[in-house]
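Below, in structure tokens: the form predicted alone, a single chain.
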């Protein structure tokens, strides 16, 4: 019954958590009863495949369990809307906190709690309203997330694997942080730096400004991949290769940033972070900037090492998985 288990599991991925387990139990029971009525106690794989084809693709079956009625956003589009609504909420909250942080730490503007709350209450409905309008238009024109009319083959159902399941929280966090960084690069590039104390002088980072274009492209690539992963719900050959490519791009940018900071520090007579710290008692503004740039270099260096190790692990897992099963059509993105 492994094919039925895979089918029920795939349907469950597109159901709300609240009643997912009950629906999966009901669906499995219905499938087994129908199969026994048709083929007896020992059905062949071909008979199982034929039954699943009659039930339909997992996303279509999952959509049938949503309440019937007139929709602004119907069942086929609702899972995607719910996903994007959560991302929009997180991004709006992050952008508001960023704006408050810039105003307080950089511009030295006091935070008015009531004004901040009003701004948040105004921005969330506006953002969600625009998202709803987009999906209402999609619903009106009966746009579907998947291409209709293509034959669906139950044999293409992926194996049940927790390691292949996408961590939704991690992906949403990545998207939110990516959007916040894009906001900083787009609207506050002159504020990329550090301060020593609240309201003190801002020391800008001249190295990061040289690579804003590359960093922006990398962030957009990562956000797009995370959105695609959230929609697919699992890792496959295509998404693992795309993630490796995104990591290689990040490694290149991090290397350039480390090299750029090292060159800047060399020009200012600093050999490293701890050497600058030794001079701290007699520090001037220039020394503080040297310390900050050395700290940036150290942070980028740590990120470079971590990203490199993560990439090596992902390449190893990709090679191992495909040596076992070979490249298969279902691991590639839908056309």
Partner chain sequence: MMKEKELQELNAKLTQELRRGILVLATLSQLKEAKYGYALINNLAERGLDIEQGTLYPLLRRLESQGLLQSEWNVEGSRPRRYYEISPAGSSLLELLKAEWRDLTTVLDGLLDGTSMRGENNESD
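A quick note: this is a predicted structure, and the numbers were derived from the prediction, not measured. Positions refer to the first chain, counted from 1. By rigid core we mean the largest C-alpha set that fits within 1.5 Å across both forms.
Beyond the structure shown, there is the form predicted together with the partner chain, which is absent from this document and is the topic of what follows.
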Check for me whether the partner chain, as it appears in the predicted complex, comes within 4.5 angstroms of all of 23, 26 and 55 - heavy atoms only. yes
Select from the listed residues 309, 299, 34, 46 the one whose heavy atoms reach within 4.5 Å of the partner chain in the predicted complex. 34
Is residue 51 close enough to touch the partner chain in the predicted complex, meaning at least one heavy atom pair within 4.5 Å? yes
My question is simply whether residue 65 lines the interface with the partner chain in the predicted complex - judged by any non-hydrogen atom within 4.5 Å. yes
Spell out whether the Cα of residue 301 moves at least 2 Å between this form and the one not shown when the two forms are superposed on their rigid core. no
Aligning on the core only, does the CA of residue 311 end up 2 angstroms or more away between this form and the one not shown? no
